[in-house]
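What follows are structure tokens for two forms of the same protein chain, given separately as structure 1 and structure 2.
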Structure 1
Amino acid sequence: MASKIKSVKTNKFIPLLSGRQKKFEGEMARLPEMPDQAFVLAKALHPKKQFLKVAEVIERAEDCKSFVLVPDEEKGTKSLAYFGAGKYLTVFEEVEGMKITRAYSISSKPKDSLEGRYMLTIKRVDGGLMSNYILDTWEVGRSVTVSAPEGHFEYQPLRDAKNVICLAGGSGITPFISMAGAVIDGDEDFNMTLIYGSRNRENILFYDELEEINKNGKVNVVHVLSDDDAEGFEKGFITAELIKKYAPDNEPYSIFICGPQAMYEFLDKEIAKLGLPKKYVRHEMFGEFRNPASQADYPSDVPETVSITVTIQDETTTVTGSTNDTVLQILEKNGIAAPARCRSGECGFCHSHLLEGKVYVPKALEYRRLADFKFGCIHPCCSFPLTDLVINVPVAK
């Protein structure tokens, strides 16, 4: 039976899927008219898109800004979807003729969404297409389109310990600012210790806000400086020994991590020394993975460029790109709009069918199910081509 299933050519079903999708969308358009309030609530919490505008721009550092976003009622968004602290928004933009998406953690408190405000804090990234575009072009009054709040990086009482050690680096502080606010407001119920690594005092984002959070008494904030030795600050890097210093004695604790790629690679080795159960270590996605050839398990003799033949519904196109880019990046750079949200392999929104060729997926981003391996499915956002590819990709929405 399995061999027969694998022999079926999925291209034959693509026109059928297109027709069915149109019917589904037509049916969903009538849901708000139904008397069942569950549908109304579902739409309020999980809108396909939210149309917002920039109400305020806050300079955090030379290369970092916070953007306060409010509903754009003229475009149909009357209120904001509520969220759990730690969620992110996917931003939809067209940059240099490319339709692209990026996910950014919400740094405002959940309570603020009920008052019509989100805040995204975005740091400039070297070579970062979207971050540079946003920092250079977003200003008060600018129209912005985002997704509903998404992601799994939030406190879950059935899974996580009552004590949570949050480890942040650089702009990875953003979801923890939201969590700390939720703990202080009483929207979250756990004991939070925040250990925040920065190069020096001047590089600490949200310093004043963190001072106020620390004074409240519900959240313990610890600053770690790698380059400076200053009174009142820990010196060096976030290590297993430092974590144990602030972790509770003889009580279970969870660890939440958010920061740049290099921080994850360092901390994973340190946290392994603590011997915590796997469920107690939570990673926030760190965005797009860069430089796959730096990984120890990356194969040798990979060509510099490859071709990708991609079918979306009944349209097939062949493009070329660098093996240093993900499949998703190659498609976007060639003007092909593909579905994407987290860009870290976690959400599965870009789930596609690999018909021919081989890809490399970094171990830290391998979220595929066993069935995906069996039937040749990949997440283009974290798959790097090793050979020429033939793939089927769903329609971007």
Structure 2
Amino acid sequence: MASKIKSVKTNKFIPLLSGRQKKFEGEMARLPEMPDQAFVLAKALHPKKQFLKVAEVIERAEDCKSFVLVPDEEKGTKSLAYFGAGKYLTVFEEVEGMKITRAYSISSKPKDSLEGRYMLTIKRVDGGLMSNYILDTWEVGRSVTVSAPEGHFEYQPLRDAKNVICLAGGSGITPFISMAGAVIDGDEDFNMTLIYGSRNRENILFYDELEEINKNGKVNVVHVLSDDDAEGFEKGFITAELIKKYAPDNEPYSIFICGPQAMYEFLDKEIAKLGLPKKYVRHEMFGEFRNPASQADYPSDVPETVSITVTIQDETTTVTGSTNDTVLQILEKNGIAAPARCRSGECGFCHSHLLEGKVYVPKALEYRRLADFKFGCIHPCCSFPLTDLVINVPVAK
């Protein structure tokens, strides 16, 4: 065998060394032209931030408005990032000296973004910081900064059943308005049944739009009123029975749910009765967790206030806050901007290092990676301090 190697000619070593440098010398000394399309797409679909202006305000109900947002070219946003129906935007605002963020599902259909229009629909939350601020201050012409479209609450043809029963409660209708538009436009291809729970006829958001959608024939819309008994409406709550009534008999179906936390808790029990495989039940994110002390696994003897020493890049600050607030909320309340998107524990965007101290994380919001536990990393948006903390947080983006 060894002799066979000798048949390989010794003729390549020297040319290999000189050839390479010669090849370099022969080239033009200038930057290559355009970046490739994969690179261009990545930037177009995931801009760092989008600078927008309010172009129109639509009153939806007493406590709810829609805002049509268009690119603010002066600030550098020329076009809007396209998105899959169901995604959300994070809104950045400064309210009473705090730099805060909240997630809002895009309620316009994907096609509208190509014409430079997004719509957000925001419902007032009693005592809520962002919703009240937006409803009271956003008017036509106002500048608004939002994130790229985010989230995973989308139809996925390789995963989901062809029939999708969408369950909405209150402002949870927003992603489904977008999905229905995408189905009608042919941008999504599934059989959509939308079951929308509201208190009474007046509380129904997008009533006229939903009538139009229903008429089109591609999407079936069912209204459920909890407090009213009216002709042409289902009465009561969304239950397993009601879902079965509108679900196909002999074909698989997926359930998508978006609504307030109380609705998730109620529906989880109802949906369990249907015996669907896990893959066919999908929730939009939980939202910010409130009142951790109400949880059975919350420890006792937790102090009311704690101090948090936080390092962001080369700046270290010590602040104090309530153990009833998340680490993220405490930072924000002290005027420190921190990275956040979903504020529900899921997206990992707030990923930070916990160097000292202990936190409580509600089970429903536990989406950390395995190695995060080994190396002491937390998601501040769903971590409640139990002791004084020392943390290292990435700079807000």
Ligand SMILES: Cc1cc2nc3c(=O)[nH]c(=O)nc-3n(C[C@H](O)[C@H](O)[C@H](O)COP(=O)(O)OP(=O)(O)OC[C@H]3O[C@@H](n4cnc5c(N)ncnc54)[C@H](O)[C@@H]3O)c2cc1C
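For clarity, a rigid core is taken as the largest C-alpha set superposing within 1.5 Å between two forms. Nothing here was measured: the structure is a model prediction, and the numbers come from that model. When a residue number appears, read it as a position in the sequence of structure 1, where counting begins at 1.
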- Quick one: identify the form predicted on its own, either 1 or 2. 1
- Query: Once the two forms are fit on the core, has Val306 moved its CA by at least 2 Å between structures 1 and 2?
  - Reply: yes
- Gly84 C-alpha shift between structures 1 and 2 of 2 Å or more, rigid core reference: no
- If we fit on the core, is the Cα of Ala272 displaced 2 Å or more between structures 1 and 2? no
- Message: Please report, in Å, how much the Cα atom of Tyr360 moves between structures 1 and 2 when the rigid core is superposed.
- Response: 3.0
- Could the core-superposed CA displacement of Asp297 between structures 1 and 2 be given in angstrom, to one decimal? 4.1
